[in-house]
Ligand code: BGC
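One chain comes next, on its own, written as structure tokens: the form predicted alone.
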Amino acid sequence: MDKNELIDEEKIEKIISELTLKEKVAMCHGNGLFRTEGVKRLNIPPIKMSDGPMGVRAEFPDDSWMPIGNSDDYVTYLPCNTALASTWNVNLAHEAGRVLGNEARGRGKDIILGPGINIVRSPLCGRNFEYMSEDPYLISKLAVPFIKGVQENNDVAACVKHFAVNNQETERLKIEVEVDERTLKELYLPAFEAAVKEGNTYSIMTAYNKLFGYYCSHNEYLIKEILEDEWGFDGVVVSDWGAIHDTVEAAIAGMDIEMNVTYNFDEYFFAKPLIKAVEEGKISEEVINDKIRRILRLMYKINIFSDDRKSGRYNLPKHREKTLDIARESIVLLKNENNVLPLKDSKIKTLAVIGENANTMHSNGGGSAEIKALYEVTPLLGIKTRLGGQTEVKYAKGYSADKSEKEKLIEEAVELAKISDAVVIIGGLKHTAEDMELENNALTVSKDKEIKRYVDSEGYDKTDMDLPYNQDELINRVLEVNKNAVVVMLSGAPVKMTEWIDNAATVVQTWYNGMEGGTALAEILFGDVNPSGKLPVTFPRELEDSPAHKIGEFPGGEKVKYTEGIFVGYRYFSTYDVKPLFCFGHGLSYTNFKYEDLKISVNEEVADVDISAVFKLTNTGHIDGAETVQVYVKDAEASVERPKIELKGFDKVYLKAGEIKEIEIKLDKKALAFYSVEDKKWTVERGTFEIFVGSSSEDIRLNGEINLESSYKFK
């Protein structure tokens, strides 16, 4: 039964009638860094929140950002959202949500602040690792099961963030985004719409930035017109911490709960100033009542008043198993010339593991995404555990923030590579860097000199895509003495690889991959698991190839102009024939897959256009594996400018060696539509549409076309 059916609206109205204005307002703002105030007189508890979605954050006092530090808040550390998206596995997205929801409830939380579903617009955004993809369709298909997993059977609410067009950290507290309506509707809002209409998320967090002249937390167009009126959202709107700047504007716009980073809780905009605004007649008390109505509905949805409320569990063995499942399927084999991988441990007596990231834990960094993990298996630990003493594993740091050690570390790594049977280099980025200082959301070495930024973290963006600490030189010099050295990049976003990519036979992309990330990597490297990850973002050769930097702006000044419009990610690269380093949807396997016999049918004699693409998929190799088949659409006769291809369907298919399966991907009229600014409706024009089926956005194996006899307009 839908939990909305269990809500007693008459009882909610009765509670509202019994509350004083002061009590109502207390429920609308933080009275601790991660909680609101309750009303003891009426047995209404506070709402307790925690950051996510890589795990439930450490416990903080109400009035301090120094963690309490007890041993009771170690948790399961889940792979980051980019890793989850790289699985292209909707079932794993659901399982990730179930783990997070269960652990949040186990820690006594009511709302877990995630998932983050903003579009990856630029490789430089510091929070890309918290987001999923550059493609709204892929995000939607993974966010919905994730949200359902959090909320189903856990009595806890997801809080989808950051609404909306929050795509950078630079000047995030005041930057205004200039984006056209069509781009907003086609790229930046669909995942949020799916989160509301399909995922039934109980809460949403507004972003820091401005849109159309108003802060998102003050934005009636976003909150009232789109979220509530158009999408029918009846949940709670929570501000990002410190995202409200005016009491009346935010209250009237539809904001429900104000949270902040400061400890002066009574002085928040939704505290004493809100009471004053009502008393002075600037805000009707009915505006406050609507906020309480939504808050109480959420409380009923998560059974906060029930003696039978779920208790939840954290650090369960099955939770750790799920993190390993996700990590295994997230790792992307980018390049594997001469079949260097998988490594054969029976032939390797000495293995060199090179690179600081092999021996670095990442769970405790990244800003609000930091996790107090029960444990974290690093790549070095994962590899040594996997080999079990039969192979001698030696580690060389290879690179460091200490520039004076540069040559010494590289020489040690090169000498080790010379005498080893196999070499694995593990580089990339981190969440923290020893030689950088964070001051007022800007990395500085002094009051007036900004330095290069190169870590994946909330609060600031990277300066460029370059690998820090002379990693390019390290990799090239190691490859000179061992051409088959395996290069592993560990990061939350694309990094520049052009300095050495042509010299490397084998390249693997892994991510901030949870507590079992090192285990999963070792299993991939040694062939225990066949890689099946696919890139959820385009990896450009150069930063300047990215549309936000080529034809748009990043990070902008007081405003940032999204003049690239709908041409974000692969939509730009494919349409403008720009060759990426690795394309959207790319990912190799240790086996091969054959696509054949595509048959496409279309039926317009139904309420929704019914399109079916049926084809055969064969595992032609000698080992079992999984392939993510991808379906892209092109409007061949569009009256408006449209991308060359757009992802509109996918399926992750598991095949035993030699197995053949018939695959069917269904599309509807929304898969063919663009947003008409003139009509304020989604529009499908009659005519020819091309359907492409393939292994990536560039590796198209089959294609066909359909012809629509009619045009369609819908909201």
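Residue positions are given as counts along the sequence shown, with the first one as 1. From a predicted model like this one, the values you see are computed outputs, not experimental measurements.
The discussion below concerns the form predicted together with the named molecule, not included here.
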> the named molecule isn't shown here, but in the predicted complex which of 183, 368, 391, 336 has a heavy atom within 4.5 Å of it?
Replying inline: 368
> in the predicted complex, which of the listed residues (162, 121, 319, 430) lies with a heavy atom within 4.5 Å of the named molecule?
Replying inline: 162
> Looking at 512 to 520, 237 to 245, 618 to 626, 585 to 593, which lies within 4.5 angstroms of the named molecule in the predicted complex, counting heavy atoms?
Replying inline: 237 to 245
>> Check residue 426 for me: does it contact the named molecule in the predicted complex (non-hydrogen atoms, 4.5 angstroms)?
In response: no
>> Considering non-hydrogen atoms and a 4.5 Å limit, does the named molecule approach residue 650 in the predicted complex?
In response: no
> Hey, in the predicted complex, is residue 208 touching the named molecule, heavy atoms inside 4.5 Å?
Replying inline: yes
> Does at least one non-hydrogen atom of residue 155 fall within 4.5 angstroms of the named molecule in the predicted complex?
Replying inline: no
> Do all of 57, 127 and 172 end up near the named molecule in the predicted complex, with near meaning a heavy atom within 4.5 Å?
Replying inline: yes
>> With the partner left out here, which residues of 25 to 55 have a non-hydrogen atom within 4.5 Å of the named molecule in the predicted complex?
In response: 34, 51
